[in-house]
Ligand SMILES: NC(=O)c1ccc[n+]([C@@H]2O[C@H](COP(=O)([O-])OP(=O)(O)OC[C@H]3O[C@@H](n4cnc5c(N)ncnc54)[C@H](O)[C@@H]3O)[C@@H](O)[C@H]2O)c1
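One chain comes next, on its own, written out as C-alpha cells in the form predicted on its own.
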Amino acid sequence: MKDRLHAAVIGMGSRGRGLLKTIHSIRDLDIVAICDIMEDRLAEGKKILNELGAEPDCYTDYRRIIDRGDIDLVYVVTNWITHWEICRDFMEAGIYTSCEVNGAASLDECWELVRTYERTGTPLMMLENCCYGRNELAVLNMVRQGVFGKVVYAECGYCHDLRRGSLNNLTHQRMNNNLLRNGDLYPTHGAGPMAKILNINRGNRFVSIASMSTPGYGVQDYLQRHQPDHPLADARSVHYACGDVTTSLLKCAGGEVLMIRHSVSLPQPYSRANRVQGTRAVYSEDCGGIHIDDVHEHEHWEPMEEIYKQYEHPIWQDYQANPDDGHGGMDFLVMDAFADAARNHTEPPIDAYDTATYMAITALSEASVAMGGMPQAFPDFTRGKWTSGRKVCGGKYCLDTEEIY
C-alpha cells in the first residue's frame, strides 16, 4: 500500500472547483494534477489548491495526465455528455475512476462502461453523494434491520427551483440539456439511495420503466415576468423540450415499484421527495419523519431527530466525530469512500454496474416519453449476476450486506 495516493481532478467548472477543498482534505491523498479545457477555470482551480498548500500540475488535455503513469485515482467532474468517454479512457489505463452524477444520452454509453470494467477490471464509481445523506443512511439502516418489514414501494426525485440560475444561463450544461431533451435528466440523487434500499443489482433489479412529461412552461413564464429581454424568454422562437415535471415508474424484479420525479423549472422548496413504504413503517422526507406501526401514535410522524438516537447509520456515527463541509457532509463521505476503495484495492460501494444502471434511467425515460409513456425494458447490466455472485465492497463505507444475496 502506498503511503500517499496521487489523485487527479478533471473539470474545473463550479462543481469541480467546489470539490477541491473536500478532496484535498482526504487523508493520505495529494491532488497532483488538475485539468480543464478552459485555461481561466484551470487557473482558478490552481489558485484554490495553492492556497491550501498544494502544487498541482495543470493540463488542458486529460490524456496527458493518463500518460504520466503515477496517478492512482481520478475524479471526473466535467459536463454530463463527456463523463463516460473520459472515464473509459482512465479505466483502460488501469486507474481507479470516479465520475460526478449524470444521466446517459444513450444506453451504448452505459454498456461501454460496463464492458470496459469487465475487460480491464478497473473499478468505476459514480460519486452519488446522496447515497451518504444522513436521512438516507438512517432509513437504509432501518430497512436492513427489518424495521420497515417488507418494502413494497418507494418514491424519490430531484425537485429544485433552478429558474434563476442554470436554466437561463446560455453556457450552462443544464440549460442546454433541458432545452433539447425531454425526460428525467437528473435522476440519480433519488435513484441512488433508493436503489440501495431496494437491493438493486444485488438480489433485485429494475426490469422496466415508464415515463411521462408535462409541457415545459416554467422557465419562460419566469423570464417573461422577471427578465423579458432575455434571449430565452420568447416562447415563439424558443421552446424548452423538457417538461416541467417528468414522472417515471420503475418496476423491480421483486415486484416493488419506484416512482422518480424530475422537476427543476417550477417554484418549489428543494426536496429529493424520498418516501419508503413497507409493511411495518413509512418514511417521508416531505413530512419530515417516520411512522412505525405499533410503535408511534396512529397517523403520527416521528421527527428524524428522534430516529437518529436509535438508528443513526454507523457511517454517520463515525463521521460526526470529524465532520467536514460539503452538502452537509455527503460530499466528503462519497469522495472519501472512493479514495478508501482505491487505497485498499477493493470494489467501490457504488460500482460500474450501479453507475450504468443509474445513468440509464435518463436515456430510457427519454425513449418512454417520446413514445407516449410506453414502458421500456430495463437492461440487466450485470448479465444475471444480480441473482448471485456479486462482490460486496469492503471497508467502512459499504452500503450493502451479505444477507441480501
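These figures come from a predicted structure and were not determined experimentally. Just count from 1 along the sequence shown to find any residue number.
As for the form predicted together with the named molecule, it is not shown, yet the points below apply to it.
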| property | result |
| --- | --- |
| Candidate spot 30, 56 and 75, all three touching the named molecule in the predicted complex (heavy atom, 4.5 Å) | no |
| Interface residue in the predicted complex among 38, 377, 374, 52, criterion: non-hydrogen atom within 4.5 angstroms of the named molecule | 38 |
| 4.5 angstroms heavy atom contact with the named molecule in the predicted complex for residue 101 | yes |
| Proximity of residue 296 to the named molecule in the predicted complex, heavy atoms at 4.5 Å | no |
| 4.5 Å heavy atom contact, residue 23 to the named molecule in the predicted complex | no |
| Heavy atom of residue 62 within 4.5 Å of the named molecule in the predicted complex | yes |
| Among 229-237, 110-118, 181-189, 296-304, the region lying within 4.5 Å of the named molecule in the predicted complex by heavy atom distance | 181-189 |
| Residues in 9-27 close to the named molecule in the predicted complex, defined by a heavy atom within 4.5 Å, in order | 10, 11, 12, 13, 14, 15, 16 |
